[in-house]
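In structure tokens, one chain follows: the form predicted on its own.
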Amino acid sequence: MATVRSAEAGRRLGIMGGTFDPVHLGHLESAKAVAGAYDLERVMMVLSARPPHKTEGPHATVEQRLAMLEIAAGDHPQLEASDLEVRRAGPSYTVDTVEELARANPADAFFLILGVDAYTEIDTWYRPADLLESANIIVTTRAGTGLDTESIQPPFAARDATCYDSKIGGYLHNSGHTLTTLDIDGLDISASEIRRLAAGGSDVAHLTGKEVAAYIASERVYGARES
């Protein structure tokens, strides 16, 4: 499992954060779609250990969520589970993760992947203006919905440092990083529905994949009972 590595010139790396409670096929398909569209060598799926915006804590433990993420990513060479935020003390702020990766890998280009729902709250995040200083941002659609590119704006605190560039169909930051959008055909899967089904003993393999579903059942995650 890779987290922060020494620099290798020219890599294009995605960063997809989340509580992954649990990780499911929707996460995996979205990550792979972005990797293909942006020619990313790899997408690091970073587990948010202590998400500051969650009013309700994760249902599975950090260890369980990380184990499921490692299982899910292990079958996909483009994806990689990261425990960077697990090992770092304090709240799991995205800007800290992006800056740490950029400092450790200065030759690489990083692409922060955010769903449109998460992006609409970006002005409430910790130091949102600094995200584009260290990484490009890709905003993706939810499954089955179109994305109005013109409605996506840079973080309010960073707008003076960005301008719209018609050549890329997005915004260009003074750092050279970009804010762009990608309409993807993903899978509309709810983590809360997976937890509900698992708690009742239902097989959730069609939502999580067989290996993750087997882990949920064997470890009684979410109070799962044998189906």
Ligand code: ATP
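Given the structure is predicted, the values throughout are model-derived calculations rather than measurements. For every residue, the number given is its place in the sequence shown, counted from 1.
Another form, the form predicted in complex with this ligand, is not on view; read the next lines as being about it.
**Q** In the predicted complex, which of 183-191, 156-164, 32-40, 196-204 comes within 4.5 Å of this ligand (heavy atoms)?
**A** That would be stretch 183-191.
**Q** Check whether L114 has any heavy atom within 4.5 Å of a heavy atom of this ligand in the predicted complex, and answer yes or no.
**A** Yes - in the predicted complex, heavy atoms of L114 and this ligand come within 4.5 Å of each other.
**Q** Heavy atoms within 4.5 Å of this ligand in the predicted complex: does G209 have any?
**A** Looking in the predicted complex, residue contacts with this ligand do not include G209, since no heavy atom lies within 4.5 Å.
**Q** Wondering, does A118 line up within 4.5 Å of this ligand in the predicted complex on heavy atoms?
**A** Heavy-atom contact with this ligand at 4.5 Å: present for A118.
**Q** Verify the contact flag for S134: yes if a non-hydrogen atom of it lies within 4.5 Å of a non-hydrogen atom of this ligand in the predicted complex, no if not.
**A** Flag for S134 set to no.
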